[in-house]
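Let's start with one chain on its own, the form predicted on its own, as structure tokens.
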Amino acid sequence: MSFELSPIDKAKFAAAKRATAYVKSGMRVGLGTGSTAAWLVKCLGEMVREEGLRISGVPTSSRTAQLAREVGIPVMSLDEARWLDVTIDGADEFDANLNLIKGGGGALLQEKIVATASDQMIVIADISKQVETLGAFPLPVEVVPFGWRTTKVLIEETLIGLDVLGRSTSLRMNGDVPYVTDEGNYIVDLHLNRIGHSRSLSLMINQIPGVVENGLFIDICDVVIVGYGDGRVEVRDINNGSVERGRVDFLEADNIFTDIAD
């Protein structure tokens, strides 16, 4: 992979690199899914290979599991781990209270299970993922395939009574066929534009028969690490209300840029 990274990739790398400071030998670490989380997996893999870091990774998708194995991170299931020290993952949106929308990569169910089975959840993101109000990014809702059209209609009817700006929905596709999650389910994306009361929306959507889980992560994230294209990072901790600023250097000799295929 060329070292010539785009500003967005540099921001993602900076956030991921800073997040590795939360990982110590002996930890059981939840590994997120998506382009930003992939940088974290690569950074941790380099630490395993070059620095002797000893961790067990619990991936949130088959894609992440494959990447973790490729970079040398030992992988275990959540059932084997039972409880995790930390989960580090990306997000599609986050607000000032560190509430999130996740699931753009289709792994929201495993991501939420793993995150809630952790002492701490850390989100890594570039600044474009910060919003004043959640909802500009389509909210993913995982549904069982049986009767999915009925479930979709029930979701649309439920949205009528909720504080959202838009109410259109769409079945996520993979080419000409429905996108299928690792659990064999479908995803219905809700195009809401703005979510007025995310907690109420999450509770109401999850009560609909056929809905497995939605992509709102409420009161789950503890820390957001925001990366910028020039290497700056901000660490925002919701528990103590602190904001720590720093910088990550980009080293061309870093094996993460040379040894791992993109």
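All figures in this text were calculated on a predicted structure; none of them were measured in a lab. One-based numbering along the sequence shown.
If you look for the form predicted in complex with a small molecule, you will not find it shown, but the lines that follow are about it.
If you check the small molecule in the predicted bound form, you find a heavy atom from every one of G34, L108 and K129 within 4.5 Å. The stretch in contact with the small molecule in the predicted bound form, judged by heavy atoms within 4.5 Å, is 98-106, chosen from 98-106, 149-157, 112-120, 78-86. Within 4.5 Å of any heavy atom of the small molecule in the predicted bound form lies no heavy atom of K17. Proximity of A91 to the small molecule in the predicted bound form falls within the 4.5 Å heavy atom cutoff.
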